[in-house]
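Before any questions on how it binds or moves, here is one chain, the form predicted on its own, in structure tokens.
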């Protein structure tokens, strides 16, 4: 990846920008509208959202008020856990489309897998939800479909369906590489998107990362984002601060050497969310 116009190519041939702009925890209203406008102005073309974030109307306004044509943007949303199932997923999609003020989405994801902790028929629920995603894809309402937070045992059932997931968006950052899931996705041509690529404050204040960042005259955030790219994942950094929105995209003018990549790869678990797909209760 050499510049912000670079893309990954999904298994169905659709091109997706190499870095996305996340909107999780971005307050609804002017904050979200302005953040999206600033991101598009800075050069982001992939905007990642979700219905449960509660800010899709504002994200949609930010998109509308930007001076970029819809065709140049790649808009993602996700169906929330309470809307799983065939009919409810289709209904949730229409609400998301309406809230965003768009005619179609570029990517639609199942936000979290149903798990055995909450449902005896968890696999059946995931399949039903996925069948709705396939319906939306075949109907031309979304250009690509995928999942989020799915582990290999959640994914296996979907691989036997008519259309397999093109994307799996998972928590991925230094100290939390989820190697088994990433390897499984890679072997099945599923692109891994990295949510929370900057981890938490603890991650950005890690001495090893700070030392490496100083070596390249970059911020620790830029090191984390570049590290994701060099590990062939798609990072989704988020910020509401214009200077950081710009900074997080300035990661194409350097490359982390192999020794430093190895150092980062070997970092212990230092800044994760603690959320596990089989253990969450929401």
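Residue numbers count along the first chain shown, from 1. None of these values were measured; they are calculated from a predicted model.
Not on display, but discussed next: the form predicted in complex with a small molecule.
A.B. asks: Give a yes or no on whether each residue among 63, 75 and 105 has a heavy atom within 4.5 Å of the small molecule in the model of the complex.
C.D. replies: Result no, not one residue of the spot touches the small molecule.
A.B. asks: So in the model of the complex, is the small molecule close enough to residue 247 to count as touching (4.5 Å, heavy atoms)?
C.D. replies: Because a heavy atom of residue 247 falls inside 4.5 Å of the small molecule in the model of the complex, the answer is yes.
A.B. asks: Does any part of residue 139 reach within 4.5 Å of the small molecule in the model of the complex? Heavy atoms only, please.
C.D. replies: It does not: once the small molecule is placed as it appears in the model of the complex, residue 139 has no heavy atom within 4.5 Å of it.
A.B. asks: Indicate whether residue 207 is a 4.5 Å heavy atom neighbour of the small molecule in the model of the complex.
C.D. replies: Result no; residue 207 lies far from the small molecule in the model of the complex.
A.B. asks: So in the model of the complex, is the small molecule close enough to residue 178 to count as touching (4.5 Å, heavy atoms)?
C.D. replies: No - in the model of the complex, heavy atoms of residue 178 and the small molecule never come within 4.5 Å of each other.
A.B. asks: Report the residue, out of 221, 32, 256, 40, that has at least one non-hydrogen atom within 4.5 angstroms of the small molecule in the model of the complex.
C.D. replies: None of the others qualify; the residue that does is 221.
A.B. asks: Could you tell me which one of 158, 147, 79, 198 places a heavy atom within 4.5 Å of the small molecule in the model of the complex?
C.D. replies: Checked against the cut-off, the match is 198.
A.B. asks: Which single stretch, out of 130-138, 162-170, 198-206, 149-157, brings residue heavy atoms within 4.5 Å of the small molecule in the model of the complex?
C.D. replies: Every other range fails; the passing one is 198-206.
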